[in-house]
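Next comes just one chain, in C-alpha cells: the form predicted alone.
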Amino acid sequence: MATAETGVQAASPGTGEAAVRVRDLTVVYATARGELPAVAHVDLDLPAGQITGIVGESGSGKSTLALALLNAVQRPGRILSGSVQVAGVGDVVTLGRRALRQARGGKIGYVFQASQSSLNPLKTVGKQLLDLGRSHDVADLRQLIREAKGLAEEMGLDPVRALGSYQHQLSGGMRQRVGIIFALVLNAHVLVLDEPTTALDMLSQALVLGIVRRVHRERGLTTVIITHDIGVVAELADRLAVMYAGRIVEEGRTEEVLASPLHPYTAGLIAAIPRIVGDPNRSRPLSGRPPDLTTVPPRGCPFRERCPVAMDVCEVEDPALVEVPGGRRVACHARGRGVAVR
C-alpha cells in the first residue's frame, strides 16, 4: 500500500517546517447586520508529522476554520482575507476549481462531523469510492479499491462487507472509519477530523481514536482534530490551540497548556471537565454563554463578560496573540500585566 512521505520534521508556530501555514485568515457570514466574522485574523501553523487539536465551545469557529483549510466554506459564508499555505499544494484560497478539487482528498483528507451526511444513501461505499477515483482522474480504479480494502482491514473492518454496504447498514463507529478511508485512500498527507467522536459510544470512541493515532503514525500524517472534548486532545494531540469567538486565544504543546493554562478561558474549560474520581465539586462550569456572530463585541476582548480577571483595557483593546517564553502563544491583557488567570 502506498503511504505518505515520512521523516518530516516537527515545527513550532512561526518556525521550522509546517505542513500548513494559516495567516491572517478571516471568514465571514452574511447576516441581516452585514458580513460578520466567524473566524477572525487567525494565524496558525500545523507542524508536519504532528497532531494538532483545536478546542472550544460550540460556536467558537472551529468547524469554520477546518472548512477554510480546504477552501470549502459554503454560502452565505466566504473567506474574506488571508491565506492557507499547504505544503505541495500552495495557497488553497487562491486555487482554481480543478486544482482545488484535486487537492481535496488528494492532498488534504477531511472526515466530517456527521459521518452519515458525507455518504450517499443511494450508493454502496464501494461505488462511492469509484466515483471519488474518477473525480480525481485515478487511472487504476482496481488498485484504488485494493487500497481501500487494505485501509478497511487496518481499521478492523471486513473489507467486503464495508465496501458492499450502504451507509444505513453501518454503525456510527463503522461510518466514521469509512470516512477515514475516504479521506486517506488517495494518499492525502494532511488529515482534518471534525468532531470525530461525536455521537459515538465510549467503546466506539476509544476504537476510532486508537485508529487515528495508529494511522497518523504509520503514514506520517499531519493531523488536525476539531473537538469540544478536551479529553480527546489530551489523549491524542501533540499541540493544542484554543478558540473563542473565532480567535485563537492560546496555543502550545498539549501537556503544557493543560498543566498550566495561560488564558482564563482555557483555565475555565479545564476546570469544567467532569470528574469521576476525587471531589466532584471541583468541577466548575464556565459562567455565561459564548457569543454568536451577532453578539461578539466589535472591539475589546470577546471573553471579557465571562472573564474573572477582566480589566478596563479589555473593554477597548482586542489582545494580540503573542509568543511567550517556552514557545507558547496567548492573547490576554492580564497575562501581560502579571495577573494570575487561575
Partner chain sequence: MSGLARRLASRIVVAVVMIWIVASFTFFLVRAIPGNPVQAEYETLVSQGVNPAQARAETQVIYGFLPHQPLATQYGHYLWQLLHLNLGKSISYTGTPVSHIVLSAAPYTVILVLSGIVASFAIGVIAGVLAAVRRSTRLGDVLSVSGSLLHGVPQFVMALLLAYLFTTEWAIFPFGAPYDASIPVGFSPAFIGSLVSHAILPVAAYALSSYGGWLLTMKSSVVSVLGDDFVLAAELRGIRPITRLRYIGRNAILPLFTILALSIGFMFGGSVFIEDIFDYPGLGQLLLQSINRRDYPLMSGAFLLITVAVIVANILADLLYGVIDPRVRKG
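Numbering follows the first chain given and starts at 1. This one's a predicted model, so the numbers in the text were calculated from it and none came from an experiment.
From this point on, the text means the form predicted together with the partner chain, which you will not see here.
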* Asked: So, A72, R101 and D131: all three within 4.5 Å of the partner chain in the model of the complex by heavy atoms, or not?
  -> yes
* Asked: Of these, S260, Q85, S81, N120, which has a heavy atom no more than 4.5 Å from the partner chain in the model of the complex?
  -> N120
* Structure fact -> Checking C314, A40, L36, L67 against the partner chain in the model of the complex, the residue with a non-hydrogen atom inside 4.5 angstroms turns out to be L67
* To do: Given that the partner is absent here, state which listed stretch (150 to 158, 105 to 113, 249 to 257, 88 to 96) has heavy atoms within 4.5 Å of the partner chain in the model of the complex.
  => 105 to 113
* Distance check, H136 to the partner chain in the model of the complex, heavy atom within 4.5 Å -> yes
* To do: Flag R142 as yes or no: does it have a non-hydrogen atom within 4.5 angstroms of any non-hydrogen atom of the partner chain in the model of the complex?
  => no
* Asked: Within a 4.5 Å heavy atom cut-off, is N187 in contact with the partner chain in the model of the complex?
  -> no
* In sequence order, which positions of 302 to 319 have a non-hydrogen atom within 4.5 Å of the partner chain in the model of the complex? -> none
